[in-house]
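In structure tokens, the next block holds one chain alone, the form predicted on its own.
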Amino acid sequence: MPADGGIGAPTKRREDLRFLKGTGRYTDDLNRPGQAYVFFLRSNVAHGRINGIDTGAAAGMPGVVRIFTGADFEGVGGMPCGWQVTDKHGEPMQEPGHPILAQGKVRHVGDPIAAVVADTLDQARDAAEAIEVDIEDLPAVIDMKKAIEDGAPKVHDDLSSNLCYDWGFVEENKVAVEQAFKDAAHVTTLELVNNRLVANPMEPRVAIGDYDQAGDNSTLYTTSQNPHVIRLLMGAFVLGIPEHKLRVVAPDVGGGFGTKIFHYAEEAFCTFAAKALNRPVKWTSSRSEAFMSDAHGRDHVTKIELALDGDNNFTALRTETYANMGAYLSTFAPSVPTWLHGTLMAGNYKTPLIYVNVKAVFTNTVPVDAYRGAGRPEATYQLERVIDKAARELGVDPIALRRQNFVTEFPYATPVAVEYDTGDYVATMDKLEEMIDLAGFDKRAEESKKRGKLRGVGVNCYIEACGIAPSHLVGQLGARAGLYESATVRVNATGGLVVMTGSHSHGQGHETSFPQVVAEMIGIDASMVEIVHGDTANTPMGMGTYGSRSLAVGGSAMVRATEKIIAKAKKIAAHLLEAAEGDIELKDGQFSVAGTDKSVAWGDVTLAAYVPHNYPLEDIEPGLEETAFYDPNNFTYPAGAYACEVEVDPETGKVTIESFAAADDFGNVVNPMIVEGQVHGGLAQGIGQALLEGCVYDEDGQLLTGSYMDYAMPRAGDVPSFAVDHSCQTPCTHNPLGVKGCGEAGAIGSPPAVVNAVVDALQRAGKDVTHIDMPLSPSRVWAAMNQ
């Protein structure tokens, strides 16, 4: 058993003490002295030319401080894109401008046209209603395939077309892939949609700009997953503020799921307006506003083909995907359907030849970017659905077909440019089968039949790339930032530690799990370790939290910094014990001389570091503080096998999930309770996508699902009690903790498992249904059964 509070202990989350008591400190809880409020007037048409904006009447209304329009931002940088993709012809992607406030045209419903700053929010809102905007309606383009047809309305007049890029990967495989399909004994083809999603974290976005005229210093308080990246992007590329004059603070953040990674126009506006007015400016998004201003997720249309030989071995895979970028390029949008998607198309299988084509398209919709899993769910969904369809066409067991084609030898270099260092897909499938009682399925199906219901079971495997890395590689792939992480460990004279990290927590439990790592290394109680994050003024430069990188990258930086601390502390201990440094051992918070009973406590050594009355001054400086940067040399590769069992009501098409099992390999696990919670949350989101959630626009670009009245979120009654296991552990070989990441797994593996289960139920009932696009609403399922 792990030591109390150390690695492997299911320690309760210390941060929950404040969250559950309602004493968390969120951005909207902050109010600056004398602050004003901003309300954004947003476009109610998807595409239009702005012929005029009359703010005269609004400007004279009570409480109005100033009204800003796009004209106020001429000469100011637009919102930057943090990743450049080069297409299959070697040409850079088309990269349009993205102004803070609309200039010349509006390009989606929700595009901000003007911003009213007033003494109160109500005054700002009232004044916004008095602004008269002359917009000439232009034809909107919503459908991705129609958007790249000749003569389609252009979202950006200065671009040659609505095609952002046409990406082929791996291009040199293309001819061999085509030949493999010609030689195949069997080819399975499937066309599918990965539905557009709205992230909907518990806390909407908030931004507060503040300016100190005396020091010419700007501060932004914001709901961000990576405050250092926001400081870099906004300071260097938008507002031209030197980094040492710009502070970004992200306090408690109530969920992100990817949508709070990006730099948004509202953040830049509040920072700009605070300086222009010499007064703090605050914006809090409403939930309805979030639906049309936060980056959306997914939205792919794909044709996937799988080639097999006469023995049912996978020989080649080919996909063509249309990926929606929306009206503008969000911060990391170009990377999601390419390097975070195409590189995972091998899945858990030893398919020798793969070719992925992605056409990224501009449309008159909200920008699309990373959402929990970011590219990995899209890849897994395509792959696991086509494998299931192939098994049914071939008349073989879908689990047996997967097992036959599993990668079993590691390291394994895939044909899509990544190398899996460790894994055991057979073990996770074995564990899954142990959990789900397949032998008893027929009996359960018969019981369902007696109640007039159809029962089905679906399985799914997944692999994902986490801890996005390394900087030199992603730089070659188009990333415009490094992807390292940092940590500073400061030891106090009495032995307590403060760990300052560039990672950010927005629900992951960093304040609990990070101390477990440091405490284990030193042999002290985890309560002696405090974690500081979310403020660029007192944390080292870091890339934030997304892509399940917190422990694998941020935790590794902490390990390296703590190793430096221990190395220096051993020098001090050796001096105090009058021994050779090489003979000093650290265990359970005690430094001892090997082979003797001579020892000195951790607290005595740390006190000596700051009260150096007896100290090796000629060798080392007083104090005990170290910083480390960690740049990983590979991704980590969590993997797993999932199973879903459903009942379908043939009268209504309603799907009920009866059971769900998840067997995951996350490498070493620091806090199993937190890991289980992360998996539960991901499963709920994946089930939400599979059965309920879908963001829909009409042909004119009006958002039909603009609130919870029309956009269905999963509730407690929509999900079962999950059976979760993470006992199959193959530690990562290239980070010091052996961890792989767990935050996205559930959202990646669950959608295909649910869809596979529903198709299985219908086929067992004799229905000729091979696929239903998500979300599997009752009406869609009923229509498929009765086509």
Partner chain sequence: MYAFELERPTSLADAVNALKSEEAQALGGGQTLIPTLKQRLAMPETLVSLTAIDELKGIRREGDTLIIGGATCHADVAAEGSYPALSDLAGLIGDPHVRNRGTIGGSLANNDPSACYPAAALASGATIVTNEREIAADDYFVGLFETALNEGEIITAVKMPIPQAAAYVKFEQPASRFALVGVFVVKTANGVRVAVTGASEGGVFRWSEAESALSSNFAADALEGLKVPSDGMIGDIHGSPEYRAHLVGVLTKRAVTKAG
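Since this is a predicted model, take the numbers as computed values, not measurements. Positions refer to the first chain, counted from 1.
From this point on, the text means the form predicted together with the partner chain, which you will not see here.
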query: Proximity of Ser779 to the partner chain in the predicted bound form, heavy atoms at 4.5 Å; finding: yes
query: Partner contact for Phe406 in the predicted bound form: the partner chain, 4.5 angstroms, heavy atom; finding: no
query: Close approach of Arg125 to the partner chain in the predicted bound form, 4.5 Å, heavy atom; finding: yes
query: Ala276: touches the partner chain in the predicted bound form, heavy atom cutoff 4.5 angstroms; finding: no
query: Listed residue that, although the partner chain is not shown, lies within 4.5 Å of it in the predicted bound form (heavy atoms), from Glu419, Asp309, Glu129, Glu171; finding: Glu129
query: Selected contact from Leu704, Val611, Val76, Ala176, since only one has a non-hydrogen atom within 4.5 angstroms of the partner chain in the predicted bound form; finding: Leu704
query: Candidate stretches 41-49, 715-723, 746-754, 728-736 - the one whose heavy atoms come within 4.5 Å of the partner chain in the predicted bound form; finding: 715-723
query: Interface residues of 689-710 toward the partner chain, as seen in the predicted bound form [heavy atoms, 4.5 Å]; finding: Leu692, Val696, Leu704, Thr705, Tyr708, Met709, Asp710
